[in-house]
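Below sits a lone chain in structure tokens, taken as the form predicted on its own.
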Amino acid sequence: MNNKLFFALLIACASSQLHAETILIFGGEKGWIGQKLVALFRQAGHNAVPAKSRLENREDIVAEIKTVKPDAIINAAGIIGKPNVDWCETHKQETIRVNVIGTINLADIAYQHNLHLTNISTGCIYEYDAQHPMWSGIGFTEEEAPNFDGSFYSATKILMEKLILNYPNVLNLRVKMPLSTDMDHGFVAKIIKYEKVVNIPNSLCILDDMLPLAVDMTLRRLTGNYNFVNPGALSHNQVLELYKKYIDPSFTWKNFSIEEHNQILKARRANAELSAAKLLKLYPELPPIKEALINLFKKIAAQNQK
């Protein structure tokens, strides 16, 4: 997101608040997205507190709420697995405990304490089908039921979402394939290390554009389900071609088929385009994914030259 739009959001947030808010952020101490949210809330003049309690420990959460006295809560914690979601296939109980029980636990506690909860979730719960063909530009909307449970990680997120959306205090943001100027994490940081990649279009989330919106949506107490992605989709090859153009002209890669890809995985991956139409009604200035990615790579290239 350009600086002009970001600071306009901050001004709007400030004008809508009579005082600086205290936001309790789970995943804010060590999590990649959580730490970024802590920094953004503080930049906007609010008191962002990284949570100490864990999602699955109900009594600890209640005690921390009594101590911190937050105005709102953000959940950017959860289990993704290391080095990837295949980990969840062999650690099912741990994954359930955090991604389902823990997340619903937090939503329920927030509801009982009359607190708004922004939940950072995943868009990896859809895959292309006859109504949403690959390369068609037809994205899945928030109203369409998830159709991908090919990984245990995705299955837990589908179950969690069915439950959490029954709470009227919850804003559920579906992030898919996130990336940022921090090249130690995210989608591009992963695929540039692979010898071979599949060439499939997907929705992407440029955190530099999107996370300021999460700040604004939290302060406005918006609720419901949102696909939290830049408009449009890019294939792996398109992403890597832009990476090669703007960051590393010597970079090379090879492709292989989905079938070949699946053979080296414990679980299939969710490939799909999500519709950003609902989000665009709130933030029409949100840049489409190709424009946003080019801007991001230009920033990274400028950083690398310093």
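Everything quoted here is computed from the prediction, not taken from an experiment. Residue indices: 1-based, along the sequence shown.
Below: the form predicted in complex with a small molecule, not depicted.
*Asks:* From the candidate stretches 162 to 170, 108 to 116, 73 to 81, 129 to 137, select the single one in contact with the small molecule in the predicted bound form, where contact means a heavy atom within 4.5 Å.
*Replies:* Among the candidates, contact is made by 73 to 81.
*Asks:* If you check in the predicted bound form, do 122, 153 and 190 all have a non-hydrogen atom within 4.5 Å of the small molecule?
*Replies:* Spot residues vs the small molecule: full contact, yes.
*Asks:* Under a 4.5 angstroms heavy atom criterion, identify the one residue in 268, 245, 54, 278 near the small molecule in the predicted bound form.
*Replies:* Selected option: 54.
*Asks:* So the small molecule isn't shown here. In the predicted bound form, which residue out of 98, 222, 183, 104 has a non-hydrogen atom within 4.5 Å of it?
*Replies:* In short, 98.
*Asks:* Given that the partner is absent here, does residue 175 sit within 4.5 Å of the small molecule in the predicted bound form, heavy atoms only?
*Replies:* So residue 175 counts as contacting the small molecule.
*Asks:* Is residue 30 close to the small molecule in the predicted bound form, meaning a heavy atom pair under 4.5 Å apart or at it?
*Replies:* Yes, contact at 4.5 Å.
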